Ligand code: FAD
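Listed next as structure tokens is one chain, alone, in the form predicted alone.
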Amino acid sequence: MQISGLFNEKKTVLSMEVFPPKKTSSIETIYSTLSDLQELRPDFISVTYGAGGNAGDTLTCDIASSIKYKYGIEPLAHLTCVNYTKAEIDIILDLLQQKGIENILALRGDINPDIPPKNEFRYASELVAYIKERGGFHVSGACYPEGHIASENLIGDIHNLKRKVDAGAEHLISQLFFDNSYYYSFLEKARIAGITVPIEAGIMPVVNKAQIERMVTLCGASLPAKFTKMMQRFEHSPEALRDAGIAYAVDQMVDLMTQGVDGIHLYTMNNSLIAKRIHASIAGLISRE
């Protein structure tokens, strides 16, 4: 099933994200997580690109295949391009097709200063166009409510996003944010720019201080005063911070649903316990839509 079609069937699409373990010896942990997430019946599950970093790495494809055929949930396979040639991307696309995966989240990928980029794909929009020209896949893209960390300003970033949509991206998932006002402002600007595809809001429940420090460094998300005070109040009590982080994420999600958001993409961090608690808090709202 093509993911964009889900938004014609439901008022609020609820999806989740998992990532492959860095060590193959830990592979069973991801399947244990997926077994737990299956009970929550998300509309789809995305799986980030494997840690192997080469075109022959099949971990993302294998997990996506299991999500579809073992757990009965539509998968969305991430695919990065900055470190691949077109020939290498073809290898990955062939494998995805063989596995019956039809939904791809096309990403540029992080630039590693120790690994020179291949330069056959400079931007995600070029990967989107390449996949659509080949055919056979539904393509999603990423968006950034506060602007991509490498962009000069939000307006320029939205113009780049429009290029990505014009290239064929049929659905967008946002980077995480902790202040819903940034998402609403971004959404308004995106619609004015002529971006009409469904835009899911990416929500990450923060359950420890190290996690938020790492994520802010990577994506540059702003921390509102309410969130900062929460972190300061509970940083020395892991259980209290976990509970507060879950409550904060639930509060964001309820507000987004109230405002008619297209969908919510929950970054689970492979923690099914937290995903279950969040889902329990909003399940009644979703079932009544």
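Being a predicted model, the structure only gives us computed values, none of them experimental. Just count from 1 along the sequence shown to find any residue number.
What follows is about the form predicted together with this ligand, which we do not show.
Taken together, the three residues Leu59, Lys70 and Lys99 all stay farther than 4.5 Å from this ligand in the predicted complex, as judged by their closest heavy atom. Note on contacts: among Ile92, Ala169, Ala124, Ile199, the single residue with a heavy atom within 4.5 Å of this ligand in the predicted complex is Ala124. Checked against this ligand in the predicted complex, the candidates Ala150, Ala210, Ile115, Ala87 yield a single residue with a heavy atom inside 4.5 Å, and that residue is Ala150.
Of the candidate stretches 177-185, 130-138, 78-86, 190-198, only 78-86 has residues whose heavy atoms lie within 4.5 Å of this ligand in the predicted complex.
For the chain shown alone, Asp157 is a contact residue for this ligand in the predicted complex, at least one non-hydrogen atom being within 4.5 angstroms.
At the 4.5 Å threshold, heavy atoms of Ser65 stay clear of this ligand in the predicted complex, well away from it.
Remark: Tyr248 does not count among the residues lining this ligand in the predicted complex, judged by a heavy atom distance of 4.5 Å or less. Proximity of Phe227 to this ligand in the predicted complex: non-hydrogen atoms within 4.5 Å are absent; the residue sits far from the partner. Scanning 102-117 for heavy atoms within 4.5 Å of this ligand in the predicted complex gives Leu105, Ala106, Leu107, Arg108, Gly109, Asp110 in sequence order.
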